[in-house]
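The data below hold one chain only, encoded as structure tokens and taken in the form predicted on its own.
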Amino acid sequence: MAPVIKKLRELDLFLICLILLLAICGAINLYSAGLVRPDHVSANLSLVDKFLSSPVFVKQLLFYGVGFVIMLIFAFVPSQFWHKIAPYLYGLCLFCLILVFFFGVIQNGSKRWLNIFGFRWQPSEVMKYAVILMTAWIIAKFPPAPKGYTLRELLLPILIIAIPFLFVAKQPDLGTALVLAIVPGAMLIFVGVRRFVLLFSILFLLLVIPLGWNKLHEYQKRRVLTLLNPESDPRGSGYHILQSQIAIGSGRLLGKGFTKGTQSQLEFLPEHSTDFIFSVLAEEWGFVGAFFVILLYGVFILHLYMMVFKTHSAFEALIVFGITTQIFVNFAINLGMVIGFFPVVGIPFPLLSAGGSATISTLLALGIVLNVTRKLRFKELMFA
């Protein structure tokens, strides 16, 4: 027992506490969001019946449990292992995306999942982190010159990013596809690119946007167009945003109370256990509860970014930067989506939204980060 405790002492306990707090916030929220019995607050119900009244909550507890076990295991897997397998992991995830293209399960008009022995898995969630590892591998193997990468030197990283981007966009899952491009792109900018490359990239995006607009599905175009004026289609493409804004606004300062949210409990708020879980939080816990979770996330993300500059190698710094940016981008897009700043693109709130693929892959990635911070913590303990 003593060796186990000694090993656990090497971990970044502050980071683990932050992850646990976010998971607890997610579990509490999902219990309310997933209630299916109208008499869930009845004094006649036993504790077991109350517990089972929210199947989403019960299932998510399982995902949290599996995810935390994987996170702690991967916290002791050396970063050299990820450096060795990064190309193979990327290839495996790309193969899974190809399988989705041919054999994927269709839900809500999108083909994003594989059905494996009764378990529905979304390969694009793991692909987000595989692209981060692969980009870090390429940068570590071919570091930029002091002035940064040239356009020619960026051809390989761009190809690595573009292939999964196209497959995921075809599902269609535009939100995840954009994240697949944004995060590794931020990693390349972080290590340095030539000014000409940045200028060229901006001009290229401006030229591609009209072409990309024509490639969007009609429902995606409507979501973008109704962003500025959701009242123009209150029962169609503007419905999600309007109901989310009503839920958030009605929470006011202290909220309506746990399990008392009318928008979620009466099923007015769509996808309230996944994409719009933050709306449930704001309705039931008000501004105070929403601010607490945002502040908790701010501390969490800031702590992770600080670790980037304490790492021992370029590869470790890049994977911590990439994973942190991945979580931050998901958080920012989801938050902007539920308050009406961004179109509804189906990006889950990290560690709060229900979903096995997203939860387990996020905790797995945080296990990789814990390994990097463990080495830093171990060094501090050695010289304490």
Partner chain sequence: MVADKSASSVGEIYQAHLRRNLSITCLLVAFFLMGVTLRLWHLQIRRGDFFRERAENNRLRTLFSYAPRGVVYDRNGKVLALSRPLYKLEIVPEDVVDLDEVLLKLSRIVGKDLKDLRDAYQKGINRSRHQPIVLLNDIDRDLVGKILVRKYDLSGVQIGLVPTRNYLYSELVSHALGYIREISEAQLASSAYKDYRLGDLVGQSGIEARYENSLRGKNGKTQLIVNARGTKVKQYPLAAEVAGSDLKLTIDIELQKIADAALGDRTGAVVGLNPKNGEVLLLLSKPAFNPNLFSEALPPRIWNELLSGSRALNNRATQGTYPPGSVFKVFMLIAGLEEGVINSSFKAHCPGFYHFAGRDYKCHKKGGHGEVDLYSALVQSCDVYFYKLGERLGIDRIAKYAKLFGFGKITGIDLDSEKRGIVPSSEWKKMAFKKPEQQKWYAGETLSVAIGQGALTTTPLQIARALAAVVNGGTLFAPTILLGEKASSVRLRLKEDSLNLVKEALLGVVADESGTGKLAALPKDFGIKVGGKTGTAQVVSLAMIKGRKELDHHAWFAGYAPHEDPEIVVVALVEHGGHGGVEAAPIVGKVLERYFSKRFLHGPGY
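Numbering follows the first chain given and starts at 1. These numbers were taken from a predicted model, which means no experiment stands behind them.
Although it is not shown, the form predicted in complex with the partner chain is what the next lines describe.
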From 104, 87, 172, 157: within 4.5 Å of the partner chain in the model of the complex by heavy atoms is 157
The single option of 201, 79, 243, 274 touching the partner chain in the model of the complex, heavy atom within 4.5 Å
243
Is residue 72 close enough to the partner chain in the model of the complex to count, meaning some heavy atom within 4.5 Å?
no
Answer for residue 251 alone: is it within 4.5 Å of the partner chain in the model of the complex, judged on heavy atom distances?
yes
is_contact(residue 115, the partner chain) in the model of the complex, heavy atom dist at most 4.5 Å:
no
Examine residue 218 and determine whether its closest non-hydrogen atom to the partner chain in the model of the complex is within 4.5 angstroms.
no
Stretch in contact in the model of the complex with the partner chain, which is absent here, among 175 to 183, 120 to 128, 94 to 102, 297 to 305 (heavy atoms within 4.5 Å):
297 to 305
Can you name the residues of 140 to 155 that have a heavy atom within 4.5 Å of the partner chain in the model of the complex?
140, 141, 142, 143, 146, 149, 153
